[in-house]
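Next comes just one chain, in structure tokens: the form predicted on its own.
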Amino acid sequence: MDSSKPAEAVKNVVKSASEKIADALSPDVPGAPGSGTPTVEEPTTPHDPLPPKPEQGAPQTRTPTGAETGAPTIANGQQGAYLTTSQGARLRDTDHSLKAGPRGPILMQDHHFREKITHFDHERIPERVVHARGAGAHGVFTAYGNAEAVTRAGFLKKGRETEVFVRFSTVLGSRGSADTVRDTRGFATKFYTDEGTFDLVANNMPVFFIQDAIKFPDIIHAAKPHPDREIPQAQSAHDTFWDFVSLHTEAQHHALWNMSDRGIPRSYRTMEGFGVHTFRLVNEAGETVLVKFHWKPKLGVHSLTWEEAQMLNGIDPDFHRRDLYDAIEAGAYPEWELGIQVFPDTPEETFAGIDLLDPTKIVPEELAEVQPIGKLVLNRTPTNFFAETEQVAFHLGHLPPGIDVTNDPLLQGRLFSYVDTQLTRLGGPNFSQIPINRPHAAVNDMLRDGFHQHAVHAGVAPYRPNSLDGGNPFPAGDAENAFVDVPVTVTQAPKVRANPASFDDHYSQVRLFWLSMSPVEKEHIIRAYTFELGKCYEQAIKERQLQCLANIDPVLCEQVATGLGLPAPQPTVPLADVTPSPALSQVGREWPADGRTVGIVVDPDGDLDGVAEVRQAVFDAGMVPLLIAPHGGMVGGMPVQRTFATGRSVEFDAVLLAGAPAPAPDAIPARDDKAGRPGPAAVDPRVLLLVEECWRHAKAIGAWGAGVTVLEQAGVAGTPGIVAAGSGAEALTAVQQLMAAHRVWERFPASVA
């Protein structure tokens, strides 16, 4: 190593290591995402497109009528070394929209943005390009009235009830993907207000991967399955995703949220929602404030463990959808409070030094509390999934009087994209006339004809002004609650493709999130990064992402690097001095047990009277008891919901053992793989497996009578969160107390502080 040039020497060593690993893996080890070998640094020397991989083919180059052309198959691929428009004009920038100044709104003149977004919006039919996998439900929103001081929106007046439809979704997967993948979730709410529809299109994470909507096709292309093999499905554990986020470091904040337990929620019912963007509210006096919207679940924020998520992807890929619909059917209606963080509407549009127009930043709740302004209750499931959940169309421009948008460049682009994508997905401009999308307010829009026109319009003058229809429709004013476009001053500025300087900080809030996590949550984040980066093929991408982690926190970087078998790099930027935000952690508070599922293991020869009492007590507590028995049918006059063959630990929030059932007749490996566990023959091995899995997943487990012996045989007796009681009532009481914290994390001491 040349000691006179340490930086150059380190670079050469890293490059050499990457090349050696690449040589060792190729060509015998399959899985390389492309035909080239990437470098740690972003390539900057122009060159023609790389050739296809050896195993790849393409259709012959024939004319539309079948004649051979003789051209090579690669002639149908991209050409040239430089980025261009679809018409071949070379582009100098595809990262920034054309704005009226760095902080101004996007200009309609931006033909590149419109071409890029329009093409992206129409890439797939008929499912949504993103958020294809979804579940919806109807409900009602009731306003508390305390928002009347900041907005004139009628649906937020005290006691006002508004019908809603909510669609939860994952981002990356197709309609046929699993629910419990690690991914961002959509939380889109359609308020059918009497002043027009309001769509609050939220996510379960308060930040996004990108700051400017022009980058949306890029992040989704990177995160979706690789275009050559269409794998992996519904996950980010692959090269193209980490290639993008490690090069485009503004994505690091969202990536860390995704690697946290927030990426795998236990239920839609235990999922927060965030409007992501900053909106502007205007009250009756014309005064304005800036706000961020928050949904807070009644049951608290709660997530699956990684093993539970993996099990559920195979056992029940519809777990979240089923949980939502089962809860509504059982009367355990999911509830959230809608809250707002309120900020002064200043010309700088910042708060506590945080740029409110940057969608990759949050305002910690310790700096601006979330003020509850209403309650959402979901109480009806759809009658027809396609007609409602699949055809519902959301748009951030669906706004009632009193709510307006800001110049957030991601929000500005979404205002165009959401309508544009419906034109292909729902077959034309009249998607608002599909029953699930119809507003609950009078519509007189002068829009006519087009595909799927359901209205039969009268009159002869769909224009203004007119006299043939008596002047109808007439413009509305403040007295008629007309929509308010807040007259915000746009500062005189040059047209530029640029971001304000405040958007350049890509690491301080990522570090804030990391330092706000409890030790057990940090362990889960380390595991998630180690798993996801371990699934990447290219060594250079792993090294580049480790550099990003080093700029977030040395402990995080070192622990992940150890798991990957790589050295931990040093930070290239100063580590931010931030104050942790306890509100970001899911651990440390207690929540109601409404709608939780309690599995009760039953021995047909055991204490059935005690089981009946406990079962009723679980119902009385607002939870759902599921009896788990050796066979189906009835036991002691009670219906059996799960058998040892069909039940699995991931279905239950807690388990009670009412006995020590002997192996059932079907407890043989030839009939049930779960019965292959070696162990004492006195207890059905599937019961022991159930207990062991619940123990690994930090769930509360209670037992009484003969059930206590199962705890001993499973080797979990005496550990935190394990209850050995004298009666079923005592066991349930103790387990209920433990369930308030969701899990018993004390069972597994963390190795990081």
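One-based numbering along the sequence shown. These numbers come from a predicted model, not from an experiment.
A second form of this protein, the form predicted together with a small molecule, is not displayed here; the remarks below concern that form.
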Next item on the list: Look at the stretches 348-356, 129-137, 537-545, 458-466 and give the one with heavy atoms within 4.5 Å of the small molecule in the predicted complex.
Entry: 129-137
Check: the small molecule isn't shown here, but in the predicted complex which of Ala223, Ala213, Val618, Val683 has a heavy atom within 4.5 Å of it?
Finding: Ala213
Note to self: Please identify the residue among Thr360, Ser516, Ser169, Thr162 with any heavy atom within 4.5 Å of the small molecule in the predicted complex.
What the structure shows: Ser169
Next item on the list: Give a yes/no on whether Arg414 approaches the small molecule to within 4.5 Å in the predicted complex, heavy atoms considered.
Entry: yes
Next item on the list: Answer for Tyr529 alone: is it within 4.5 Å of the small molecule in the predicted complex, judged on heavy atom distances?
Entry: no
Next item on the list: Answer for Trp336 alone: is it within 4.5 Å of the small molecule in the predicted complex, judged on heavy atom distances?
Entry: no
Next item on the list: Using the partner position in the predicted complex, report whether Gly186 sits within 4.5 Å of the small molecule, counting heavy atoms only.
Entry: yes
